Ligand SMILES: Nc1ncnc2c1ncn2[C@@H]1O[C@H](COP(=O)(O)OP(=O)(O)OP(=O)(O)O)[C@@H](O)[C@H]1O
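This document starts with one chain, in the form predicted on its own, laid out as structure tokens.
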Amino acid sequence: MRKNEKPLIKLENVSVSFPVKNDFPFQKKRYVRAVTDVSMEIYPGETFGLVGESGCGKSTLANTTLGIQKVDSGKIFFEDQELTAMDKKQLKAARRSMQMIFQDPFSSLNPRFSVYEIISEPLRIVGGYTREQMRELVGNMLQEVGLSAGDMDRFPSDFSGGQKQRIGIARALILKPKYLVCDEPVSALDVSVHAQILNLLMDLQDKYHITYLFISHNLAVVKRICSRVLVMYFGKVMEYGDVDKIFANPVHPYTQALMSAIFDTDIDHKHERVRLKGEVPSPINPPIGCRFCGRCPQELDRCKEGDPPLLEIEEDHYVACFRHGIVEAETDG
């Protein structure tokens, strides 16, 4: 947490669910609980990591911060303005300061559009630019992302995966946004270009003071580029806070399991893998207690009775785990 600094993005008890088609007539309406009671803060200029297994609600949560996905309950603030209370016109104006880099550059670019048409589309939507001005801005942005102004009249099929992602980054940055969601921006690319794209994102962040929400399965990358991180499991926050503190002292059993799966090239260092037991529960009927019940290697009877609260165990380090709460209570006693 940064004292005396206002967050750029703030979520208060945000929940999102999706209706499920009934199997037979007159069946009770069912819902997939994608995000449940999530609160977090993202500060200007930082890279905030969002990690967890596939299907845990990371992308849904990111979409709520952009106003793409409506929430069932809770509030979302952008620069002290409540996004969840805006009408369509107000939300459209606010979203000019927000953009997104998609996971798959192959499907996120229209193959019928030239590079110029792809990158200039946000400028056309906003309006107020002549064709000459747009071509100049697009040419400059292509150079910023490591391509050439001469690439403007080419098509996506002429480029490699890494180059396509650079085009996607150029499109996202053409309006100079303050907030950028990076939804696993390198997972669909060859390993050889991962570092190039990540270094490009870091350089652009330093130059334009952009705030990133970085979604990733690669915890080694999160540790390298993020300042703070939120660990999700089945739509709930398991652990949250300063990335160095969480990697140095992962408290939640789920975080410990994720950390143990990080690839380590030090063959002399003994690396014990935490293997989770049990089956992944249904998102339609999640456990009554902690969402991690049934798979947790440190499960207590109390864990099945209710949701553990998110407790601050040290400055800017929060965890939702009854076991740690018991340890704290014993220490205080």
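One-based numbering along the sequence shown. As the structure is a computational prediction, the values presented were derived from the model and not from experiment.
This protein has a second form, the form predicted in complex with the ligand, left out of what is shown; the following refers to that one.
None of the heavy atoms of residue 44 is located within 4.5 Å of the ligand in the predicted complex. The shortest heavy atom separation between residue 305 and the ligand in the predicted complex exceeds 4.5 Å. The ligand is not shown here, and in the predicted complex it never comes within 4.5 Å of any heavy atom of residue 66. Contact between residue 36 and the ligand in the predicted complex is not found at the 4.5 Å heavy atom cutoff. Annotation: in the predicted complex, residues 218, 231 and 256 none come within 4.5 Å of the ligand through any heavy atom. Shown without its partner, the chain has no residue in segment 198 to 215 with a non-hydrogen atom within 4.5 angstroms of the ligand in the predicted complex.
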